[in-house]
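The form predicted on its own is given below as one chain in structure tokens.
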């Protein structure tokens, strides 16, 4: 943090929740960092939200408890919120403001960076390409993650999104071993047991040395949740565009972030929009999501996997709705599959990776990957239709082919989608499993595959099977 300087103001006009108003100020800028000295001598940090007519509205990161209108001293530091960044942050745990939370000494960062980052010139962006293996078949095979992509996970309360997030962080890797890869993990508004789960999971698997964690706990001030993803992305930008690393940023839970944004907007007296969220929710989310990507002339990349819980499993809720507009697809978790004991409960049809086609195929994963995924989608979509029909007329009235599709659907969910939390499947294993399931169906039903692919992967394997 910069050393204190400039005028020191004494006394506040109004304190309201995490905000206070101070009058008589001059030469103060929007988003400027503020040092607040409480009556007991404790020092806190804040940030200017509004300024005008000689008054400033300040949000306090550590909350306003203990501040008084008459004995609080305020100093404006003339700069925005900055955090030190360094490759030494990998393997460490920080709070939402980038301060060490692991009991180890503070870092001497290689440089200070504004947490709001700098907008990327769209003309210098490179198109996201190249496959990132998560080790989860339902993602790698059906909804592939591409380097530089923004691919959110839409979940709901009680669904295992935290377990999936930890599994992806443990298993994610690039297929080329000569590229440097790192994970930046940010959790907002999580409980102590969830935070402990993430730390223990990374330590137990041995990947903690390649992960930087930013944790804003549920009892931390809600204002801190607004800074947490920005602090994490600031480090990710440094690692990617200055150190040439390929960084996967996992943000959970973005719904908690949006709730904090709504709380602050309400305290400011802003006119609410949909569901009480501020009207600028779209642009605020975009300021986070759009910090992913690849830059021309820079070796590294930033890939994002935001995780959000949909209130009442409502995918039309403002948070998932707006997230879907900004990002390139979504992984949707299904409550019915979860209740049937399927992990990870990734819904086959609502899930989509819009950039998948550009990151898979020959010289990336395998030449048959695009057609195989398309055929699996088509077959599973037919399974859904047949299940709906069976619910009306009864399964015994179905044709033999329809019953075969039902068997395929059960195998798809129980063998391809289902896997253990410690089961790290390579993309080759996932592709071979997909072909194994398709051999349950007649050859004439596989119309999305080429004749060459069928001869190599379907006919040859069928001949080798014992009669």
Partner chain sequence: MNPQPDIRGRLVRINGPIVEAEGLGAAGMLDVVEVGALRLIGEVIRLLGDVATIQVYENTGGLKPGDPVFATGRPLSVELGPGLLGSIFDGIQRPLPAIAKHSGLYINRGEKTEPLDRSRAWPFQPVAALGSRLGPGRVFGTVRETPSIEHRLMIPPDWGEVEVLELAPAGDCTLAAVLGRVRDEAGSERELRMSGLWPVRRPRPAAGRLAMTRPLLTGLRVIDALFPLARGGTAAIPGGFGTGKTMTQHALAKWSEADIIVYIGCGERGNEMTEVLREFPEIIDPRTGRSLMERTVLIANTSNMPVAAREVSIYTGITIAEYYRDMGYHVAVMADSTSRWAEALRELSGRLEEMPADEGFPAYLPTRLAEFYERAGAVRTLGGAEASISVIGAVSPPGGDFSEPVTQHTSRFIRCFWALDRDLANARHYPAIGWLGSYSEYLPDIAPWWAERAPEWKPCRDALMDVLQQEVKLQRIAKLVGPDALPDSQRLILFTADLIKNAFLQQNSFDDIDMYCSPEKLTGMMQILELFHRRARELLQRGGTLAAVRELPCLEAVLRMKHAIPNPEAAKLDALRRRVDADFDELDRRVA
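Just so you know, these numbers come straight off a predicted model, no measurement behind them. Positions refer to the first chain, counted from 1. If you superpose the two forms and keep the largest set of C-alpha atoms that fall within 1.5 Å, you have the rigid core.
In what follows, reference is made to the form predicted together with its partner chain, a form of this protein that is not presented.
Among heavy atoms of residue 51, some come within 4.5 Å of its partner chain in the predicted bound form. Taking non-hydrogen atoms only, residue 202 never approaches its partner chain to within 4.5 angstroms in the predicted bound form. Taking non-hydrogen atoms only, residue 220 never approaches its partner chain to within 4.5 angstroms in the predicted bound form. A residue is said to contact a partner when one of its heavy atoms sits within 4.5 Å of a partner heavy atom; residue 32 meets this definition for its partner chain in the predicted bound form. Comparing 257 to 265, 125 to 133, 156 to 164, 224 to 232 against its partner chain in the predicted bound form, the single stretch with non-hydrogen atoms within 4.5 angstroms of it is 125 to 133. Using a 4.5 Å cut-off to its partner chain in the predicted bound form, not one of 96, 104 and 187 places a heavy atom inside that distance. Among 330, 144, 252, 365, the residue placing a heavy atom within 4.5 Å of its partner chain in the predicted bound form is 330.
324 is the sole member of 361, 311, 276, 324 with a non-hydrogen atom lying within 4.5 angstroms of its partner chain in the predicted bound form. Applying a 4.5 Å heavy atom cutoff to its partner chain in the predicted bound form picks out 446, 447, 448, 449, 450, 451, 454 from 443 to 460, in order along the sequence. Once both forms are overlaid on the rigid core, the distance between the two CA positions of residue 12 between this form and the one not shown is under 2 angstroms.
The Cα position of residue 55 differs by less than 2 Å between this form and the one not shown after fitting on the rigid core.
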